[in-house]
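Next comes just one chain, in structure tokens: the form predicted alone.
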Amino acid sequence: MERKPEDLELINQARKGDQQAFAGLVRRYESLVARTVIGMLGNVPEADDVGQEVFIRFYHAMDKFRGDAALGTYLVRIAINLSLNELKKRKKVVDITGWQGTDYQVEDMMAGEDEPGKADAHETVHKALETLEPKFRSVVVLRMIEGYDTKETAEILEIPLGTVLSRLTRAQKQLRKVLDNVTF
């Protein structure tokens, strides 16, 4: 079996202009970035734009990447920050127009999506996530959906460990209230 080039090797090749190396990095991390962005924004057209912007930002900042954090962690941090920016834009639209939102159909990313009720349950969970304030949603997405531990979540969001724990607790309580009224 052929050895996959390590991230830093691909980054070094991409820095020298090797577009295939950069494309390899995108392929390696696009699903992680997509899950993160969709977790934050829902499956809306803006999610595709934000996902692409993550890789554009990384491409332009590649020379500054030192490798202190894992590339996946670095890209998730960019994805969270850009998603938070998008949520701020949405809030401005809501404040200006009084728009209350739309029902978005969330793409079912769960295994067994053809099972009756799985897609509905997945959509319900994503809609419940959308009710959370962005600062709580980002913690839930990183800890409960992406599986980062508390320390990694704190590093990605650049907040103290205690803040991660308190936001997660508050978010879980809010989600429980929303989901307690739903039957699957």
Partner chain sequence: MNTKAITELLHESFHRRLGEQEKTVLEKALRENADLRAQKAEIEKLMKDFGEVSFSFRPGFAERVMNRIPGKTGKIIEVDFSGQLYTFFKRLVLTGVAAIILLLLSIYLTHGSLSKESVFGVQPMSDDNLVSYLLYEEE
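Positions refer to the first chain, counted from 1. The structure presented is a predicted model; accordingly, all values stated were derived computationally and were not measured.
Heads up, the form predicted in complex with its partner chain isn't pictured, but that's what we're talking about next.
For the chain shown alone, I56 is a contact residue for its partner chain in the model of the complex, at least one non-hydrogen atom being within 4.5 angstroms. Taking non-hydrogen atoms only, R15 never approaches its partner chain to within 4.5 angstroms in the model of the complex.
Taking non-hydrogen atoms only, D180 approaches its partner chain to within 4.5 angstroms in the model of the complex. Its partner chain in the model of the complex comes within 4.5 Å of no heavy atom belonging to K135. Residues of 136-154 lying near its partner chain in the model of the complex, listed in sequence order, are V140, R143, M144, I145, T150, the criterion being any heavy atom within 4.5 Å.
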